[in-house]
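This document opens with one chain alone, in structure tokens, the form predicted alone.
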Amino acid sequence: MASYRGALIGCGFFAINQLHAWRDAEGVDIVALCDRDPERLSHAGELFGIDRRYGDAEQMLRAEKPNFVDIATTVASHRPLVELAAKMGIPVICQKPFALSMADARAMVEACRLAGVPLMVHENFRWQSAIQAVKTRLDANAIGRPFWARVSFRSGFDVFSGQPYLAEGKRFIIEDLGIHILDIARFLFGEVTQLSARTQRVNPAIKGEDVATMLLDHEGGLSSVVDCSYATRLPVDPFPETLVEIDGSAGTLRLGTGYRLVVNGPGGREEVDLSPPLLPWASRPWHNIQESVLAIQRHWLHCLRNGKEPSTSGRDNIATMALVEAAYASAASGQTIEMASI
């Protein structure tokens, strides 16, 4: 098995999960870290025993010449960092949201294409084992032809205490969370032809929307509802579970709370507990997300070794970004948005 030397840029909140997952992945070492905040850089370096630490990304990439770079910074820095890596011929993983605009996203994809380097967006939600299990059932025709679906993430969990910057943006739930749920809908049901959306701001202490309801028409004829909320108070909060309902021509599939999958189809009834493993470094209730980080990073390594395009390549993620832009456009105008116009 080929062994890879990686470098990571950005040592903030979520990057710690990525560093844990890299330590668990086979055939890879993160050999250098970069962050402009000396305290964050020192904390991550000490926690993971990484001595090569930099405050400048270009200096790090020139000195270390890694086999790939994992960009775990905020969105405003993505385009310059991705284009820097492409210019240096270094394969790139980029955190979501991928770009500030569709133009920036397309520019990054084109830069990597021209440089001949792989580009993967760290869109990890589709890599949750429960979501992968749903996809496996659909691919096996377990409920016939799906014609209606709902993908839902509703919670009252306080995400702002750990990531206070989320309360400051004019855009919130669609850009931060909805992008994941929309990507799951694309992954399960295919590309989208048109979309309509409605948003609300329930929490007066934030600037963006914290509730979004979206209706998607997919190319194959299926209609799906994607709904997200951080204002939903439930007696048992399912955070951070994504719930899925699918009706098909020959049966139904439900992924409910507690990772309980129920499939009723021509083959009979299947009921299974899809609770994700609790990795040694993971903690409840985040463990399903943390498991998916390890899964997507293993996928990246597999693609590097075999010369394959990642499932969530930059090219693929542009289609998910387009759904986000369409949702905001629809919510602002009250109109249904044709995806061909984005």
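Numbers follow the displayed sequence, beginning with 1. Just so you know, these numbers come straight off a predicted model, no measurement behind them.
Keep in mind the form predicted together with a small molecule is missing from the figure; the text below concerns it.
Heavy atoms of residue 180 reach within 4.5 Å of the small molecule in the predicted complex, making it an interface residue. Using a 4.5 angstroms limit between non-hydrogen atoms, residue 239 touches the small molecule in the predicted complex.
When the small molecule is considered in the predicted complex, residue 125 lines it closely, a heavy atom lying within 4.5 Å. Not displayed here, the small molecule is kept clear of residue 154 by more than 4.5 Å at the level of heavy atoms in the predicted complex. Of the candidates 30, 282, 289, 301, 289 is the one whose heavy atoms come within 4.5 Å of the small molecule in the predicted complex; the others do not. Among the residues 210, 227, 104, 176, the one placing a heavy atom within 4.5 Å of the small molecule in the predicted complex is 176. Exactly one of the stretches 159-167, 264-272, 105-113, 244-252 approaches the small molecule in the predicted complex with heavy atoms within 4.5 Å, and it is 159-167.
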